[in-house]
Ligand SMILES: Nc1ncnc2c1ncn2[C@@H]1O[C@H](COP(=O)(O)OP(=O)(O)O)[C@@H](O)[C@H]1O
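The chain that follows stands alone, in the form predicted alone, written as structure tokens.
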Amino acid sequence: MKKSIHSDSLKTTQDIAKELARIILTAPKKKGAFVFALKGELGAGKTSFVQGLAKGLGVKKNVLSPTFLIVKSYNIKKGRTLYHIDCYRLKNGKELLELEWKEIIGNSKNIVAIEWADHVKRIIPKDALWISFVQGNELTERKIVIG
């Protein structure tokens, strides 16, 4: 089931992500990593969402999109790790597989946020939570579709 949420500001987008972080931290563990598959045009709010997610998970560092690094990791509560992945420059999933992808998604202590997940759709786990971002009429307005 899809859920559509209206965000009228950067803060609202980040607050939505913070709430999802709280839910994940209290959810029962599953077999592999919890994966957020994010999609949307440039400037649609994907990185802002990940920044809010990171804050909600307790990350104190400044979170920027790892466009050139592709993968950035952050230690979070209870020995868990947040992986922030940017697939904008990738042509296909094979390139991500070379960056320890299977190990990352296979670890139940990991939370993975993938920007431009539609670029590597074939290797995204079936149970990933897909989130689409669409920029609204106003500069800060977004429609966030979860599911």
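Everything numeric in this text was worked out from a predicted model, so none of it was measured. Each residue number is its position in the shown sequence, starting from 1.
Keep in mind the form predicted together with the named molecule is missing from the figure; the text below concerns it.
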item	value
Residue contact check: Gly43 to the named molecule in the predicted complex, 4.5 Å heavy atom	yes
4.5 angstroms heavy atom contact with the named molecule in the predicted complex for Thr13	yes
Leu139, heavy atom within 4.5 angstroms of the named molecule in the predicted complex	yes
Partner proximity in the predicted complex: Thr47 to the named molecule, non-hydrogen atom cutoff 4.5 Å	yes
One stretch from 35 to 43, 103 to 111, 52 to 60, 90 to 98 that, in the predicted complex, holds residues within 4.5 Å of the named molecule by heavy atom	35 to 43
